[in-house]
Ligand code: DLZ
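The chain below stands alone, shown as structure tokens; this is the form predicted alone.
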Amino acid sequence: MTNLRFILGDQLSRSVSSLRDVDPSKDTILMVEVAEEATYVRHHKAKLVFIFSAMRHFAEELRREGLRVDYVRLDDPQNTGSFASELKRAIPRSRAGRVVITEPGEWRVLQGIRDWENQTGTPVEIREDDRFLSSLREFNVWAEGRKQYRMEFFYRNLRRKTGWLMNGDQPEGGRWNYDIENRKPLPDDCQPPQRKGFPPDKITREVMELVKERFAHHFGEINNFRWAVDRDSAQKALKVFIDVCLPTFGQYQDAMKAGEDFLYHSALSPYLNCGLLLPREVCESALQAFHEGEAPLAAVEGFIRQILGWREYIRGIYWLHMPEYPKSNYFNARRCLPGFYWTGDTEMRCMRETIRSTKRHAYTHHIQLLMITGNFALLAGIDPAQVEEWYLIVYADAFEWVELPNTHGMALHADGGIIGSKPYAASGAYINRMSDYCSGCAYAPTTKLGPKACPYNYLYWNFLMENQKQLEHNPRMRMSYRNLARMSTDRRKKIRAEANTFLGAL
């Protein structure tokens, strides 16, 4: 039987299940750039360049292998703009008797695929995406009957399953994680490595021109585009991280520094999430560095946990709770997203720095996401749906399966504790401890009230007061509520007044 093998933009792996048994003599591989996917949210320009260029490079790699690729570009005059309609056009061209596709990463896309057979009259086989280290079935078995889905316990199961960083049944070094050693601020005299990236080639430059023309109104910049867009370059990026950054990654993974957009972070998530790199090879590269004495245990364990633990866990949570998951709003947050999330036009230097990096690279690292933009949105009571749309738009690695639970559950606690045992709420003291952002800021992190007070300070206590019924019995919030109870009535009133004045001006 002749097969039409449909490859999505986040399935750019030669080992993806839909290509595993491809027959070069009969089968056709279909790849399409469609307006529907480019505009269902107004994606960052650099994100569009990254995905379209990576798709085009992958198609060329398949052709060099001798495979037949039917590739529809966005600017093709015949392009109808959607997956389903492009599939209808492609089936007669390939004379296919069956469509084969690997399950997509997003719930809304899966719903569309499930209707393809009815729309086209051609059988559609949906295969499991086995590029992950844990199947969805495995996650569901682990989650069944649990009142809380704590990542730490899922992660330990996967450590035992893979044998990574294990001595028999016990964790390497006697501890499961080394978080306490991985929370150091960056020393003043530390010079992080320069990350040069990959200059755009001819294919990427063509895509950049397309994006400039078709998506000029979208957020972000592309003049500084330096992402890898093919597997060879992504593997080079992995090697640079392992050789240069991993040894110091652990201790400074929570640090932030003005003007330093990458520090010691891997910046590999865009490549993992679109398929240019596979999680197993990334983790095994880090493990090899540990076994060869090139990187310390704390750094390697912290990095492995982000992929083997968090990434796999987040995917499981997403599919376990969709489509109801984004509908919850635990704190009844209704405020609109402030305009400075798009412009960076704010006197808060930490927010300004984070938005600058976001506009320039379609990237910031996870602490900026969680403790700057996420923390502010949580404290300010921003509508979760608006925050989630923003994250999905502005980051190159943002696909809904990974973005939604990270934002809805981890950053905003809008799911009421499905993911996090407490909200990740913090005052300006945390930002001051882990960054140099507060130096030169219009606000002072040690000032609690008044025009020079860091907004995170009074917003933090205002958040605790506004949500006391939901949070005061949370065991991990007891100390905060004890401190709140010690405050005088007058001080509480001043905090509420300043918070309301600030929020009203947003």
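Residues carry their position along the shown sequence, with the first being 1. Keep in mind that this is a model prediction, so the values were computed, not measured.
The protein also exists as the form predicted in complex with the ligand; that form is not presented, and the subsequent description refers to it.
Comment: 106 to 114 is the region of 163 to 171, 106 to 114, 144 to 152, 290 to 298 lying near the ligand in the predicted complex, near meaning a non-hydrogen atom within 4.5 Å. The putative spot formed by I242, Y264 and I307 is not touched by the ligand in the predicted complex; no residue has a non-hydrogen atom within 4.5 angstroms of it. Taking the partner from elsewhere, L67 is found to have every heavy atom lying beyond 4.5 Å of the ligand in the predicted complex. Taking the partner from elsewhere, A38 is found to have a heavy atom lying within 4.5 Å of the ligand in the predicted complex. When the ligand is considered in the predicted complex, F52 lines it closely, a heavy atom lying within 4.5 Å. Contact check for E498: no non-hydrogen atom falls within 4.5 Å of the ligand in the predicted complex.
The contact residue chosen from Y178, F219, F83, F331 relative to the ligand in the predicted complex is F83, the criterion being a non-hydrogen atom within 4.5 angstroms. Taking A59, M477, V34, L464 one by one, only a single residue has any non-hydrogen atom within 4.5 Å of the ligand in the predicted complex, and it is V34. Residues from 399 to 429 that approach the ligand in the predicted complex with a non-hydrogen atom within 4.5 Å are limited to F399.
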